[in-house]
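So this first bit is one chain, no partners, the form predicted on its own, shown in structure tokens.
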């Protein structure tokens, strides 16, 4: 199975969800700010890489975890990727797209814009981390639902 966590820019919320899923970040407590900076790919997606999938790891069930930014193109990008994968004998049952652009603290979006769009990483990155830490429980809950769905799909195969 291939799981794609996606968000607007592919630099923050999708990365956090993938990191929780792959146990880079804990599920039982809010990590310190420095832990986010240690996550591979956190706040690194370049604007010209939007729409590209990035492989971030394989989980304990052997499922591949990807992240990507889609801006406002979900309605086009997801069917295109599914169509491509279907042509290569990967069925829709083996593909899961997860919208990681969940309820966000407004500071997270501001930080993302400053960091990724304007290149003010030293100002924007701490803001994204601050906002994500405030709503961290929401990301843990989302990943928990995805992992439950993953287990259900695997057990029914």
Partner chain sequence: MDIIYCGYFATYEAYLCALIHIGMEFDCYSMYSYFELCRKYSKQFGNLIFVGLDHELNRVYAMGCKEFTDVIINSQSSFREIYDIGNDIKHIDTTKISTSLPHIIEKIGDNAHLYSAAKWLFYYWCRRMYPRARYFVKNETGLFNSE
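Fair warning: this is a prediction, and the values are worked out from it, not measured in the lab. Residue numbers count along the first chain shown, from 1.
FYI, the form predicted together with its partner chain isn't displayed, but the following is about it.
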(request) With its partner chain left out here, work out from 27-35, 98-106, 118-126, 41-49 which stretch has heavy atoms within 4.5 Å of it in the predicted complex. (result) 41-49
(request) Evaluate residue 69 for contact with its partner chain in the predicted complex, applying a 4.5 angstroms cut-off between non-hydrogen atoms, and reply yes or no. (result) yes
(message) Quick check on residue 113: any heavy atom within 4.5 Å of its partner chain in the predicted complex?
(response) no
(request) Consider residue 2 of the chain shown here, and say whether it contacts its partner chain in the predicted complex, taking contact as heavy atoms within 4.5 Å. (result) yes
(message) in the predicted complex, does residue 59 come within 4.5 Å of its partner chain, counting heavy atoms only?
(response) no
(message) Can you list, in sequence order, the residues from 78-108 that come within 4.5 Å of its partner chain in the predicted complex, counting heavy atoms only?
(response) 79, 80, 81, 83, 84, 85, 87, 88, 90, 94, 95, 97
